[in-house]
Ligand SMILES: C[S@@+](CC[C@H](N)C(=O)[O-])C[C@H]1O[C@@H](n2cnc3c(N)ncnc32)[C@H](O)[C@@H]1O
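The chain below stands alone and is given as structure tokens, in the form predicted on its own.
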Amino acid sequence: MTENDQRAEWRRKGEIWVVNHERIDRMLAPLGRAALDVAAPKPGESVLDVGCGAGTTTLQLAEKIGAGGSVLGVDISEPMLDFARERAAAAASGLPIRFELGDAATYAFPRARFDLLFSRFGVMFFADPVAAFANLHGALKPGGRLCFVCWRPAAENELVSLPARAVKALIPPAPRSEPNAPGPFSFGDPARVTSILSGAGFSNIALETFGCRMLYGVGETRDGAIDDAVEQAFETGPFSRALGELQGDVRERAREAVRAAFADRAEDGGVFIEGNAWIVTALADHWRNPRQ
């Protein structure tokens, strides 16, 4: 997929995500908080937020580092960045934030500029991840920190596995995909992640397992929360494209099957699903980067 293709795809996705940003932020909140705790941004630091999307983590990072620091949020989705800028403008004045549209794999970052590179589910889509992380490595100061959160395999995440099991009997099996192809679950293999980062020049690479219950549907009633979860699965989840392609009676039967699956996860307060991720950390070692 060319960069223009990616921009078109992320424009489409971005328009959907902007409409659903509250749902998405609600679901990802515990994972983002855990990664921020590990990253430990410090007052006065310069931070790069990769795949910043609608700007939630960019704002959170800015609050941590204060007026003496700076945060650059980079994303390839123009609709999401436009929304992120609006959110930042509406936030408390003085937050040291700016946003840039671009592909972090090739963006001409200032060299040795950042103390911390952070990402919440924004680094799994690079066509050439070693080259992309080498580019990002060059933006970090010597000894600078990398911290990102990414999904463990799809089978370990009910975001995909729950609706997939529900409609298995209704739709033909999808063609077997290349496990390392760019996508939300392409960093599920810890050995692959370690190899990518090592090849890009990083050292002290560590992956920490993090699992949590994610709030996936809310509503004033139990049925309302289940309906909200079903709507999100059809609109924004990783399985949404497959569900969205269903037509007529099959689509209605699939919706009912997905609804029944989420009903099993409903309790007081909403619909909760299991999420499992890696929190990945590393250090930039400029003596080791083979691409610089």
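Everything quoted here is computed from the prediction, not taken from an experiment. Counting begins at 1, following the sequence as shown.
A second form of this protein, the form predicted together with this ligand, is not displayed here; the remarks below concern that form.
Enquirer: So, Met80, Gly102 and Phe125: all three within 4.5 Å of this ligand in the model of the complex by heavy atoms, or not?
Expert: The answer is yes; Met80, Gly102 and Phe125 each reach this ligand.
Enquirer: Can any non-hydrogen atom of Cys52 be found within 4.5 angstroms of this ligand in the model of the complex?
Expert: Close contact exists here: in the model of the complex, Cys52 approaches this ligand to within 4.5 Å, heavy atoms only.
Enquirer: Heavy atoms within 4.5 Å of this ligand in the model of the complex: does Ala134 have any?
Expert: No, Ala134 sits far enough from this ligand in the model of the complex that none of its heavy atoms falls within 4.5 Å.
Enquirer: Answer with yes or no whether Phe185 is in contact with this ligand in the model of the complex, where contact means some heavy atom within 4.5 Å.
Expert: Because no heavy atom of Phe185 falls inside 4.5 Å of this ligand in the model of the complex, the answer is no.
Enquirer: Hey, in the model of the complex, does Trp17 get a heavy atom within 4.5 angstroms of this ligand?
Expert: Because a heavy atom of Trp17 falls inside 4.5 Å of this ligand in the model of the complex, the answer is yes.
Enquirer: Counting any non-hydrogen atom inside 4.5 Å, which residue from Leu207, Leu95, Ala166, Ile76 sits next to this ligand in the model of the complex?
Expert: The option sitting close enough to the partner is Ile76.
Enquirer: Could you tell me which of 198-206, 153-161, 68-76, 217-225 sits within 4.5 Å of this ligand in the model of the complex, going by non-hydrogen atoms?
Expert: Result for this chain: 68-76.
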